[in-house]
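Below you'll find only one chain, the form predicted alone, shown as structure tokens.
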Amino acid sequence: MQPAQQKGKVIIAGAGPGDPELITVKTVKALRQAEVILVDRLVSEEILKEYASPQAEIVYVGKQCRRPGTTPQATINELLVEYALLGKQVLRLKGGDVSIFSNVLDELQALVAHEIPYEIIPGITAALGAAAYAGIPLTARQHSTAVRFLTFYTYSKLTEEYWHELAQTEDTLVFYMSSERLNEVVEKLTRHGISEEKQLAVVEQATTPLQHVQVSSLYDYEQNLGGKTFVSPSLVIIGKVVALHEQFQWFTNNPSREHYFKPVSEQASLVLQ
């Protein structure tokens, strides 16, 4: 691949949590101008159909834990650099917001190492989308005055001291990418004496037509939700604010097990066609 005389530019943008209308005007402009779009799995197909230039090259670089077709981060970094060195206007489109539990640092380091100009456009992160569409204010008087974004993914290591702090804090806790280990989250918080006033909500496929919210006491979790497999992506909200869901839910709950976002194996096949 021969580099162009003039380097291109990379725009790293957040596409929002799922609902294709929850996208910024600035990202829509970037979609219309991009020559190459590297797109995550958790980006609505409607966004690409509605806003991407028909001439744009769409490259699927989705990730999904332990699934065939997952794109290594090193490969994504290389693609960003290669297309930019060809002089292309490149859009790296991520689900949610680019700065919350994404690999944006790796991508920025690769761009800086090759002196490639870039721009970062924020998006609505999954926690804010899920909370709004579930009718759960993440901070509310007499419920919580702060919120923490966390993950308990396969590589996560949290000390017992930190679990104790999480169990005792009045902050709302929002766990990303943690539904497969939710039983461990519940076990650790209950073992450290989390208040019985606090509940948990699992929000599956937040802000999409297939959103499904399930609420339980942490101490009744095994009876209510134990052993269940949640549809990806799922986000977990824990705290006193979860009790507000019953009163303020406004979005229709959909119990379907259908996937709104294609698995990475199906997206990978699109590249080969």
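Counting begins at 1, following the sequence as shown. None of these values were measured; they are calculated from a predicted model.
There is also a form predicted together with a small molecule; it is not shown, and the following applies to it.
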Is the gap between A30 and the small molecule in the model of the complex 4.5 Å or less for some heavy atom pair?
no
According to a 4.5 angstroms non-hydrogen atom cut-off, is D97 in contact with the small molecule in the model of the complex?
yes
Contact with the small molecule in the model of the complex for T125, defined as at least one heavy atom pair within 4.5 Å: yes or no?
yes
Looking in the model of the complex, any heavy atom of W163 within 4.5 Å of the small molecule?
no
Heavy atom within 4.5 Å of the small molecule in the model of the complex, from candidates I120, V81, A140, M177, belongs to M177
Heavy atom contact within 4.5 Å of the small molecule in the model of the complex, the stretch among 222-230, 239-247, 50-58, 200-208
200-208
